[in-house]
Structures are given as structure tokens and as C-alpha cells.
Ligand code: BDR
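In the form predicted on its own, a lone chain appears below as C-alpha cells.
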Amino acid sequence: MPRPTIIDCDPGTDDALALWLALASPELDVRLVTVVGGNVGLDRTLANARAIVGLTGRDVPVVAGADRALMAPFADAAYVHGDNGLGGLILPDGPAAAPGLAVDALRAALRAAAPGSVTLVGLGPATNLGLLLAIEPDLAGKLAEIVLMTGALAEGNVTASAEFNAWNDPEGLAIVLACGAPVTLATLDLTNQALCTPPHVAALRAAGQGACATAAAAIWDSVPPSRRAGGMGHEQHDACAIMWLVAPDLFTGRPVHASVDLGPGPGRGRTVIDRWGRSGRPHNAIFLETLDPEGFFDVLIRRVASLP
């Protein structure tokens, strides 16, 4: 049976591919999309999420959430994703956002769910998810798994220490990591292995002529090459979290204890991932270590090309 799935996101170029992958995958029953400010401001991330979902023709409610972190001012990544978050690509307006606030929509969806039945995917700063689990922590019992694209074992991509999502709201992330539900982490150490290069763009264009595939290829063309990857391409960060759910055989991982630095200094937002049990603290997450890049892009391209 498809997994009942809720996706919290901040589209964002890589969120677009992740959402299209999720909506094209029969393994997932995407029931709700909630939106947070992150890669760009909430006004844009909400419009982008509506447009991305709308382009698929799927009837999935999209709900606006937090426009800033729990305890810090808002900071975006428009230098990567463009001023509109989609590399300048203009998509048709999607259906109107569902009324209300993300945290209330999340609470309602989980209250109505069976224990241990819902998969929650976080692709942006963890503000909405942190609010949810701070307000009603018992709802963690309704979750089968939380999958987060966040953090780094090694260096960050927004500071020397921190990955963008973790740095943007470390307090929200700390609440999620401590909630007691099973957590899986797709960190930069993993997502750097999903490097999109010009041949992948060409393969997507050859595979499908639908509106979603055409838009996805245009988005891939818009993203500047990553300095971390030597200018050879750009990483598909958020799609890794979705791919773990639809093709777990492409990954290896191990149980770890994960925490996040909440201090005000240069280490703020750094995720501390104890792979070898040196702290003696109990495991609270699965740390995804490797993926099969060829298999990853084969599935991603075929699934996105299958959309309208």
C-alpha cells in the first residue's frame, strides 16, 4: 500500500524536483503539502508550491506555514534559487492555498491518522515541524518516519559548519530530533553524491515532453554549478529525501545519535552526528551515507518524465 505522506517544503529549485518525484511515485500517497519560508520568502515558496503541485493536475492541499525561524530573523538562498525561487522560471498559477496555518493542518491530519502510519518529510527549515511537535508532542506517535533533508557530518554550505536548513532554524530541528519518532537524515554528505550534470538535463529532455519534465529541465539549466562540486554540476538535495522512500535499495546508512548546535557562535546550526557511539547517547536517527547516483537519476528522470 502507498505510504500516507506529508511534505513540508520551501520551494526552491530542488524542492520542485522532490515534489514532482513524490507526486509521480505510486509508493507514496501525498496527502498534504505545507510550506515554510526558506530558499526564498514565504510569499514565493507558497506560490511555487501551489504551481508545482498544480502542474501535475493532482488535488493535494497546499497550506502556508511559518515565514521565519523560531528564534532568528529570516535569511534566504536566492543567490542559488533565483529571486523567485525557481531560477526565474515562471509557472502557471496553481490552485489557491488551502485556508489556515500549516501547524493546524498538520495537527488535524495526524490526529485523524492511525498510530505509526504517516511519513513526514521535511525539505526546508524545520520551523513548521518544530512548532507541531512542541505544541502537541504526542503526535509523534502517529508517525511511521520523519525524513529530513538537513545537516552535514562534514562542512556546511551556508557557513563553514552548517547546512542551510539546519542553520536557518536549529531550534526547530532540535525539537524534531528529540521527538522520539524514527528520523532519517539526508545530509549534505549524501546529497553531494546526487550531482546533476549537463548529460542528466539532456536525458530528462529526451525522456519526456510534458509540462513537468519541461519545467524541470529548465530549472536544472538555471541552477549555477556548485563550487563544492568543482563546477561540474549542482546537487539534487531535496529529491534524496523522497528517493529514500521510493527506492531505499539505492542507499546505505547506519543508526546514529544526531544533535544540533544552538549556540550563537560560528558553530550555530552545525549538526553533530555520532557515527561511532562515542557519546554513549542512544541512537535517534538513521544517517544515510551513500547512494547510487546512476540509479538515483534513472528513477528521478523516469518518474518526472511520466508526469503530465
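The numbering used is simple: start at 1 and walk along the sequence shown. Computed from a predicted model, the values in this text were never measured in an experiment.
The protein also exists as the form predicted together with the named molecule; that form is not presented, and the subsequent description refers to it.
This chain lacks the partner; the member of Leu177, Ala216, Leu86, Met149 within 4.5 angstroms of the named molecule in the predicted complex by a non-hydrogen atom is Met149. Checking Thr271, Asn39, Thr34, Asn48 for any heavy atom within 4.5 Å of the named molecule in the predicted complex turns up a single hit: Asn39. Thr127 falls outside the set of residues with a heavy atom inside 4.5 Å of the named molecule in the predicted complex.
At the 4.5 Å threshold, heavy atoms of Asp238 reach the named molecule in the predicted complex. Taking the partner from elsewhere, Leu123 is found to have a heavy atom lying within 4.5 Å of the named molecule in the predicted complex. The named molecule is not drawn, but in the predicted complex it has a heavy atom within 4.5 Å of Asn157.
Exactly one of the stretches 111-119, 160-168, 200-208, 135-143 approaches the named molecule in the predicted complex with heavy atoms within 4.5 Å, and it is 160-168. Contacts of stretch 87-121 with the named molecule in the predicted complex, defined by any heavy atom lying within 4.5 Å, are made by none of its residues.
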